[in-house]
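Given as structure tokens, the chain that follows is alone and in the form predicted alone.
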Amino acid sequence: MAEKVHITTAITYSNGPPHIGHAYEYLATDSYVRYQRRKLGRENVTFVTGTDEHGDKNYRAALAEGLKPKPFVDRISELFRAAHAGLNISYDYFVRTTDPRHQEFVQRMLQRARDRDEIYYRDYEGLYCVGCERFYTEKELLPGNLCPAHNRAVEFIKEGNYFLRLEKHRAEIRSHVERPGFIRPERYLNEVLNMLAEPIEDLCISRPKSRLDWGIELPFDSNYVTYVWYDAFCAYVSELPDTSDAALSAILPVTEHFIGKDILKTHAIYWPAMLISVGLPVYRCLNVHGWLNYGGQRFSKSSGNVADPLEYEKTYGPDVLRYFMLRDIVYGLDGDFSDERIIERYNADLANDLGNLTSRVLSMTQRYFGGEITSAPGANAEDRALAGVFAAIAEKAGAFTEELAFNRALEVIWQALDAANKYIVATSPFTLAKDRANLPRVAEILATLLEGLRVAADTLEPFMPTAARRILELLAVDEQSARAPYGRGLKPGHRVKPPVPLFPRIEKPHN
């Protein structure tokens, strides 16, 4: 039986439009999903994303625009759907936390936890950050009681609320956290272990309607709505076709969440506790990325630097933003974003390397052989050397992708493209072709290059799906032929199409 995997992005707050920081998470996750589908089969991979529409932050954002919460989040959710479509995000389920099916699931989980004595009521006072939608202890805050994520003063709140037992499950949560591969990259493991080294406070999972009525009502007390994080976590599984205990017990152990480092605690501690409290297994792992910075400042709505990722798609074309983010940023670390770096990557890697190689090889095939492959790949030493490079890239890139090292996976592909460009210089087919007696050798050289280009395009598909498809269309191959190992794809007699510009060079603006 094939392995299955269930993959999610964070369920995104609906308090403002999508920005470049969101795009990084979506694009990295989508590339991982596409890789897993190739490996496991389309039917064995599910991908969930969506919008988190309840809570204090969304409610206040709606008020600021003079709107009621539901019309406001309806509009924001549509903006995120449009962003996913524009970025070519291949999700299976787009969940809205205002969906009736989701709300029913949340209430079912709450009632089960309450019935198992995992939720209790008490009076409480604490320091609350609206932006994070959570209470903080004083030791977690920056000097002056500032939220470490938003650098804004927290609010003091005193009220009666319902709590989920956390401390009771601390040892079990820690046992999950310590599992090899539970938190990736491992650099974030010690951070969570430090959180679990001392007793942890039970989690406030309600908000009184007298303070906030925009949320899912507690099934056991109509005067309260549930904590927005309890609501959002359930979205990872709430709209799957089968949410029975048997189905969830099968899907959760193969679930991988892609999240930003700012929500590490909620996912590593709160979410496991919620699952344990209702007798369900804990998910497989957290894949944690860093922040995306622009001009030294993190991309975020609170910072105000909410550049629209779709503008980059319109300016540079499909896949360029995706390629830049995956190639330039080490997953797990913070990354720097700039228009200058995008143009540099575009011209050097896409226009000069990938685009130019594709154009040269297809042009020579048209010019010398009318687009027909008339030979098998060459068999001399330099041909075999290039064949060996391309034959190895799928396995090498796959191993790096499994490790979330997207930049290194792409580096493997680009090293092969560089080898192909050097092979053209070394073999000089355009010079050989001046003498018709050399055309059989030219045919071998071009067959070697075309087969390498096919393998490169196929390996590139998870990272640049549109560009890969365009190259494979120019090579006139179907999916089965595209996936074949090196040497088993393009055969003598096959015809390829004339070249078209894939990545026209961009001239840098002059100051």
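All residue numbers are counted from 1 along the displayed sequence. Computed from a predicted structure; not experimentally measured.
Separately, the form predicted in complex with the RNA exists; it is not shown, and the next lines address it.
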Between R108, K265, R81, R75, only one gets a heavy atom within 4.5 angstroms of the RNA in the model of the complex; which residue is that?
K265
Out of L203, M364, I251, I183, which one falls within 4.5 Å of the RNA in the model of the complex, going by heavy atoms?
M364
Using 4.5 Å between non-hydrogen atoms, is V425 touching the RNA in the model of the complex?
yes
Hey, in the model of the complex, is P501 touching the RNA, heavy atoms inside 4.5 Å?
yes
At 4.5 Å between heavy atoms, is N194 in contact with the RNA in the model of the complex?
yes
With heavy atoms only and a cut-off of 4.5 Å, decide whether N421 touches the RNA in the model of the complex.
yes
Using a 4.5 Å heavy atom cut-off, which stretch among 231-239, 377-385, 99-107, 349-357 contacts the RNA in the model of the complex?
349-357
The RNA in the model of the complex reached by all of N190, K434 and R505, non-hydrogen atom within 4.5 Å
yes
